[in-house]
Structure formats: structure tokens, C-alpha cells
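Take a look at this single chain, the form predicted alone, given in C-alpha cells.
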Amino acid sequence: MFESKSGILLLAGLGFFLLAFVSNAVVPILMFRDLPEQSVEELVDPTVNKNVMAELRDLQQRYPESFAQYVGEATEENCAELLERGRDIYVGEGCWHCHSQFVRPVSNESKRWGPVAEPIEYQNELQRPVMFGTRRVGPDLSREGGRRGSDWHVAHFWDPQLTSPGSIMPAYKWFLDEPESGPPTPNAKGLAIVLYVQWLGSWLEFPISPYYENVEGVLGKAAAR
């Protein structure tokens, strides 16, 4: 069998499969096995990421009644719990089916979403398992944090068509409470998933958007009011 062309092709196919497995699975494991994985508590440490606590305080200022009811105080401990809850909601609602969190090394990806994703971005507890996504139905969210205000995300969950005409994303109205007067406000689930989305990419040092170029000034004033 192995003296025939089909046998040689079979052996070659198995060999290439083994090579692909080693290069794509084993080698990365060996390369990054000593790279420490950050805990959620470390992720909200202002010395590591000043932006995520600023986003939490911003939510507190925008939705004081909801925040007091469902979160309490804008502490690092509550921030960590809210991020974990938000990620569970993101996974449970199947958001990753349409929104990836991985900028691929293919044509025009970096022009649309920024630099190709690096391993260091996924070395934390909130990236287990990594949300590579299954298809490009919606935009990549790996660096979504700070691109839009929290009010935009709240309106987007209430009715995606309001913020993104033509969107096929379904409404997630169970993320919000309907007050007797005034617009809907985020409930426990809404606050959690908005903070999680605003966390994505917020730790990166390179500018993500003009919003983050003055994040301390913008949110510092909001927190001071």
C-alpha cells in the first residue's frame, strides 16, 4: 500500500496534519505556558487598567437609581463581580455567534478593527474560553471598549435599529427596566453586559478611539458631579 501513489499521499496527508497540530497547538502552549494569567481582580486594578473603573463610575452617574439597586457602590470588588456576570450573560445569550473577539491576520481586518490580535490580550480569566466567534455577522468587539458611550449600548440593546439602521440584531429588552416615565434603564443584566462590552480592549495602551484620548477628563468630570 505504502509503495503506491495513494499510500504516499496518505502518509503525506497524515504528516501534514501532525505538523499542523504541533505548530498550532503544542508550540503555542509551550511558548506561553509561563505567561501569567491575570485574575479578574487584577484586571480592575487601576494601576493595570484605569479605564474600566472609569466606565463603572460613568454607569453610576448615568443610571444612579439602577446602579444603587443592582450594584451598590462603584468599588473594585463590585466591578470584578459585574464583569464576570457580564461575560456569563454574553456567553449565555450567544453574542459570540455573530460578534467575534479576534482580529484575524487576513486582508483588511486590521484596517477595520485595528492591529491583529496578540496572545497577551487573552491571558486573563475573562477570556476563558476565548470568544473567537463563528462568523462576521456583526462587528468585531475585541476593542469595543470606549468606542461608544454607555447610553448608546443601552439604546442598542433596547432596539438595535435605533442606533444601527438595517441591523439584524434582535432586541434584548430584558436587559432593561421600563420606568413609568422616561427612557428604559439598564437592570442588573444590562449594567453587567454594558460594563463587559466597555471593558473589551480597554486595557490596551495604544489609542482605541478619540473617546479614550481624554477618558480621564470626560469621565472624571462625570464622576465629580
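Since this is a predicted model, take the numbers as computed values, not measurements. The first residue of the shown sequence is 1; numbering continues from there.
The following text describes the form predicted together with a small molecule, which does not appear among the structures shown.
Annotation: in the model of the complex, residues 98, 148 and 164 each come within 4.5 Å of the small molecule through at least one heavy atom. Comparing 190-198, 66-74, 33-41, 48-56 against the small molecule in the model of the complex, the single stretch with non-hydrogen atoms within 4.5 angstroms of it is 190-198. The partner is absent here, but in the model of the complex a heavy atom of 137, alone among 120, 137, 116, 130, sits within 4.5 Å of the small molecule. Among residues of the shown chain, residue 172 is one whose heavy atoms approach the small molecule to within 4.5 Å in the model of the complex. The closest heavy atom approach of residue 102 to the small molecule in the model of the complex falls outside 4.5 Å. In the model of the complex, residue 62 stays away from the small molecule, with no heavy atom inside 4.5 Å. Interface residue remark: residue 26 is not counted as part of the site for the small molecule in the model of the complex, having no heavy atom within 4.5 Å.
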